[in-house]
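Encoded as structure tokens, the following chain is the form predicted on its own, with no partner shown.
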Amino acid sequence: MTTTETSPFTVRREGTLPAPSLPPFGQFIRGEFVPSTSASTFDVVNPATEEVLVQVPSGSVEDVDAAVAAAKAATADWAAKTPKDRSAVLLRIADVIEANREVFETLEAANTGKPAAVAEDDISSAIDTFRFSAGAARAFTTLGADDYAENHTSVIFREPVGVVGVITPWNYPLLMAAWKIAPVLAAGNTMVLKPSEQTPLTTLKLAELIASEVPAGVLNIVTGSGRVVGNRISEHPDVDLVAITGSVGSGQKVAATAASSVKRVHLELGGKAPVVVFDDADLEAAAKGVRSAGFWNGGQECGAACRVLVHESVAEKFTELLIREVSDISVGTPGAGDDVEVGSMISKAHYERVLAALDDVRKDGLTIAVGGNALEGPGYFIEPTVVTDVPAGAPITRTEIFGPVISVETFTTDQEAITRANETIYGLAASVWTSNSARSLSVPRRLDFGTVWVNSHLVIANEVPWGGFKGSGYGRDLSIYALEDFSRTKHVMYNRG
């Protein structure tokens, strides 16, 4: 379905990106790009133009085996380095990204269709992730040595787990790689990383630019499908931990495969973040917050503010404000200006999934107050959409659409809001909007989500953990907790008797 004559949205296409600096062709193993053992390749597409950027090797089981062998061979030397030495490597990685910021921003935008503001934020956040982990590596503490049993002195060692397999998603390619690479290396591990086959380019470019900074074998990258490369990483007997950021289904497959060798798993999966707007909330601030956090990265964000529950007494006013905000959103290609807010969907397949979800909304008889259609012309663009008058339990309140779609439903009592917010398989993120200090303290404690914001949404800092409950997985990214997840404790007790 295409836009109607009354649609407030068009795709701004003026301006072009500089030609992206493409990475070398091959798999990154033992510190260099080497030919894949597979002759197969896959196309990497610019979703804002539908043009093929480059072809990338579709890796094999043998490629993964070679990468794991390289990582395993590098474990002892890397683990033996002092926290100061590992920290210095991470700081140099951050400096390399900073020095090549424009290269990374252009390449990320071309590979994902992100607006300039989102691409810039991704690269800035990746830089800060490496710098934070560099500091955290040197401040990583554990239980102090002492006598906890008579005549016995206990020492607790914090050790790397060994070889970590990492699978990253397509929505934040470089940033999600940084979220894993930085703490994994800071904790003294080596790794094999599989980027999404749709968006491998900035991860490969990073490998190219830091090859001389990281000892050979410490970081290895194999491109290819989840079915082949991801599965082999998950099942490989020499991989000690698997970490994935992805869908619930992908996480279930990784966990099931990893179970055969009883390896640890770190899962950061999907979300369906409720935004609970109480009757005493600043409605204009809440509407602006949902505009920003609901449509950031085109709604292709696991913590997106995509499900609003608003008190019935202020629902009409809030909905009016939200529709006004959303109708003012600018849609465009990455080169169309710094004020573009929403870009394209990541791929044709995902574009079609989001449109199919909107068709289901219509079949369910729900009201699409603004948006709801594809946008004309090349690229996988969809109008920012608000669905209103959503009844309790409607499918849209439970399904992660992962696109520029927000639903609005109402509630009567605080208990109803809490109960309905928690009625989801996901438990990643939520927000509460209120001016009542008691409510701002009590409601977040009763919401079953790993992050709960009060009077904001989607504000993330490296010093605090990110991760979910229930179907959203387990394990924590960011903060010192990430280094804990990618390490293990060993107790050594000395008899002094």
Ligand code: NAD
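Just so we're clear, the structure is a prediction, and the values are computed from it rather than from any experiment. Sequential numbering from 1, following the sequence displayed.
There is also a form predicted together with nicotinamide-adenine-dinucleotide; it is not shown, and the following applies to it.
Item checked: 308, 345, 119, 254 - the one with a heavy atom within 4.5 Å of nicotinamide-adenine-dinucleotide in the model of the complex -> Exactly one listed residue reaches within 4.5 Å, namely 254.
Check: Among 189, 410, 171, 106, which has at least one heavy atom within 4.5 Å of nicotinamide-adenine-dinucleotide in the model of the complex?
Finding: Going through each option in turn, the one that passes is 171.
Check: So which stretch, 330-338, 412-420, 312-320, 238-246, is the one near nicotinamide-adenine-dinucleotide in the model of the complex (non-hydrogen atoms, 4.5 Å)?
Finding: The contacting stretch is 238-246.
Next item on the list: Can you work out whether nicotinamide-adenine-dinucleotide is within 4.5 angstroms of a heavy atom in all three of 178, 200 and 296 in the model of the complex?
Entry: The answer is no: none of the three residues contacts the partner (heavy atom, 4.5 Å cut-off).
Check: At the 4.5 Å heavy atom threshold, is residue 215 in contact with nicotinamide-adenine-dinucleotide in the model of the complex?
Finding: Contact check for residue 215: no, nothing within 4.5 Å of nicotinamide-adenine-dinucleotide in the model of the complex.
Notebook entry, point to check: So in the model of the complex, does residue 83 come within 4.5 Å of nicotinamide-adenine-dinucleotide, heavy atom to heavy atom?
Noted result: Residue 83: no contact with nicotinamide-adenine-dinucleotide in the model of the complex.
Notebook entry, point to check: Any chance residue 383 has a heavy atom within 4.5 Å of nicotinamide-adenine-dinucleotide in the model of the complex?
Noted result: Flag for residue 383 set to no.
Notebook entry, point to check: Could you tell me if residue 100 has a non-hydrogen atom within 4.5 Å of nicotinamide-adenine-dinucleotide in the model of the complex?
Noted result: Although nicotinamide-adenine-dinucleotide is absent here, residue 100 would stay clear of it in the model of the complex, with no heavy atoms inside 4.5 Å.
Next item on the list: Output the sequence-ordered list of residues from 378-413 with at least one heavy atom within 4.5 Å of nicotinamide-adenine-dinucleotide in the model of the complex.
Entry: Stretch hits, in order: 400, 402.
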